[in-house]
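Given as structure tokens, the chain that follows is alone and in the form predicted on its own.
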């Protein structure tokens, strides 16, 4: 991997830092997007790192982007928290969401300075709003079960906390994660905001217990797989015996992979009157946000619609 990371790029390069980047639709989508944006000379380069990789590897990647003139920047997935923890001193500036969430999903260069941003609160928020519609929680009385406490869960929590209309905020958000560290980090972020949302943080790695927590959620609750299971790691945070609340919204944040959680929800979609969504819109919003930052180009709604059409064509 060192040879790949340290080799100077031969063309203007946009990096994708993930786990299994070669399987991403972005690899096929990117050339079409660059043509549409008038930047056909920019190429896509995936960088695969292990989950919770050695900090030295994160530092090597970020230093490579910093020093290489043709390295334009990067989109970061899966490693958003670990990368910033390992490389905070490499950045000249962090955007406000990056400082709040302690994660970086976009690495860009601005006037010779390396800038890190967290785009998930915007990208995830746009995607969630499209699924739920206005005043969802006032209309339904549903609550939120977040399975996972990584970057996406942090971003969605922040988005919901900052909703100005009371009807767009749930009464309660239950967050479940395998490790205590991520839960503590999210709890610290939540404590920094005045909010009327009651948060519960539960450390658990047993899918059967997640089934029990699922059974306690009220009808019309939002249930989110934010674990990465089904894409970056196998399986689902639930067992096949888990029963979704009636009229629940089941949101699988992944759009590719085995997607066990998505299939579990689809199996109950009719019987439990579920709304089931995958992570495709999140993927589109996430990539468009980062590309806009890295290439310093505005992507307005009509252009975003065009980019979405191009992405669907290669999905």
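Residue numbers count along the first chain shown, from 1. None of the values given here were measured: they were computed from a predicted structure.
The following text describes the form predicted in complex with a small molecule, which does not appear among the structures shown.
K.L.:
Taking the partner as it appears in the predicted bound form, which of 134-142, 94-102, 160-168, 80-88 has residues with heavy atoms within 4.5 Å of the small molecule?
P.N.:
It is 80-88 that comes within 4.5 Å of the partner.
K.L.:
Just to confirm, with a 4.5 Å cut-off on non-hydrogen atoms, which of 116, 151, 121, 73 contacts the small molecule in the predicted bound form?
P.N.:
Of 116, 151, 121, 73, the residue with a heavy atom within 4.5 Å of the small molecule in the predicted bound form is 151.
K.L.:
Go through 222, 176, 107, 173 and name the one with a heavy atom inside 4.5 Å of the small molecule in the predicted bound form.
P.N.:
Only one option qualifies, and that one is 176.
K.L.:
I'd like to check something about residue 228: if you look in the predicted bound form, is any of its heavy atoms closer than or equal to 4.5 Å to a heavy atom of the small molecule?
P.N.:
Yes, contact at 4.5 Å.
K.L.:
Spell out, yes or no, whether the shortest heavy atom distance between residue 279 and the small molecule in the predicted bound form is within 4.5 Å.
P.N.:
Taking the distances in the predicted bound form, the answer for residue 279 is yes, it comes within 4.5 Å of the small molecule.
K.L.:
At the 4.5 Å heavy atom threshold, is residue 205 in contact with the small molecule in the predicted bound form?
P.N.:
Yes.
K.L.:
Would residue 253 count as touching the small molecule in the predicted bound form under a 4.5 Å heavy atom rule?
P.N.:
Result yes; residue 253 sits at the interface with the small molecule in the predicted bound form.
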